[in-house]
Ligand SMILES: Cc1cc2nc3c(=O)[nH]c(=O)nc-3n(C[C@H](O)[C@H](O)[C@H](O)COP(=O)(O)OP(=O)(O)OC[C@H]3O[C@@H](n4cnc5c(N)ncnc54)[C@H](O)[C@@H]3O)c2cc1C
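Only one chain comes next, encoded as structure tokens, the form predicted alone.
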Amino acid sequence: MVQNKKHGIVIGAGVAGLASALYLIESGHNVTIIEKEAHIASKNSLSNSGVIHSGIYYPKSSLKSKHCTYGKKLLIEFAEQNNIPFELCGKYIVARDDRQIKKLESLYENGLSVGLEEIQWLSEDELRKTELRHTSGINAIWVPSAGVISVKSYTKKLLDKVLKFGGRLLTETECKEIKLDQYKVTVCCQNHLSIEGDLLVNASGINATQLLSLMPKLTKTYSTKLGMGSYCFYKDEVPFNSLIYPVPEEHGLGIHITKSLDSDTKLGPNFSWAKSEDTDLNENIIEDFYHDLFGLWKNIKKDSISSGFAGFRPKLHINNELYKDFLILQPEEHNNLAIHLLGIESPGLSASLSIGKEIAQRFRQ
């Protein structure tokens, strides 16, 4: 390691951790990434739709809106500069009945408020002139700035850059204890391994609040409940070139139809609460997905749906109440040496570079 540089420790090698590590290195820090799994991005970062989100869903004042909007710009630039497969294929958000139209109208107004001037409202007659003629929609929003990206290629390139610029990655290394003094942080792992640094980024996803609890207690309590999103694959021809989304639900965006650059077309996710990551897929998932999507996609074939995988979202709770935004926490009780990324779920992929850039900026101050 280069002497006289601060040493940053990043716990978690998902998209937020890797992006934070890259920007810290570009800011002049040495960086060590600690990952408890055998491979990078093996949890939430790969267990999702791989969508580049536009920002239409998130209130203008929220961190989700801020980091999704700026992060999308950075992500597209990064993909173009590094030959990462992506496609801005656009998305439709489709209302199927009168009850959903008010929610769709609110989404449209929110999209305009966050600067998505290119979005279009489609009447039933207008949507019948598009690929939505294959759906049972009565109104829709066209969002041309949404798309998909190869998450595998993206995370691999992030890691390649981190390693090229002198960072190091320790896999199968689990944090067991975190010690703080006024100027240093020490992460103690298994096999008596201790890593000392000048700053810490807790980017451990669903384990972030658990790691937070290893450090000096804060006035508020932070906990994570797991939201499970299950996916299926569609192994036949799909009549859509764009992403097809329903009107969003309380805890997610609803089961959508997503073209993929890494696999067959993805269907999902649904949403349910889970007690642990060992929760199995519902044995009736194909039947459930078929009946849910049949109301959106007229000619979907049940025999072409196959069971896929599950991803787990860290649903942040503060003092036992659900917190619906990202939280980037840098407590004075931790001597401002640690930043905790809490509740980083969708649109975490789209927001990752923006979050990483903010981490580096905070540690420069």
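From a predicted model like this one, the values you see are computed outputs, not experimental measurements. All residue numbers are counted from 1 along the displayed sequence.
What comes next is about the form predicted in complex with the named molecule, which does not appear here.
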query: Contact of G17 with the named molecule in the predicted bound form (heavy atom, 4.5 Å); finding: yes
query: Contact test in the predicted bound form: E174 vs the named molecule, heavy atoms, 4.5 Å; finding: yes
query: Any non-hydrogen atom of Y234 within 4.5 angstroms of the named molecule in the predicted bound form; finding: no
query: Exercise: G50 in contact with the named molecule in the predicted bound form, heavy atom 4.5 Å; finding: yes
query: Heavy atom contact within 4.5 Å of the named molecule in the predicted bound form, the stretch among 205 to 213, 136 to 144, 159 to 167, 123 to 131; finding: 205 to 213
query: Selected contact from K66, H334, K315, K36, since only one has a non-hydrogen atom within 4.5 angstroms of the named molecule in the predicted bound form; finding: K36
query: Position in contact with the named molecule when the complex is considered in the predicted bound form, options I9, L353, A13, L24, heavy atoms within 4.5 Å; finding: A13
query: Residues from 343 to 357 in contact with the named molecule (non-hydrogen atom within 4.5 Å) in the predicted bound form; finding: I344, E345, S346, P347, G348, L349, S350
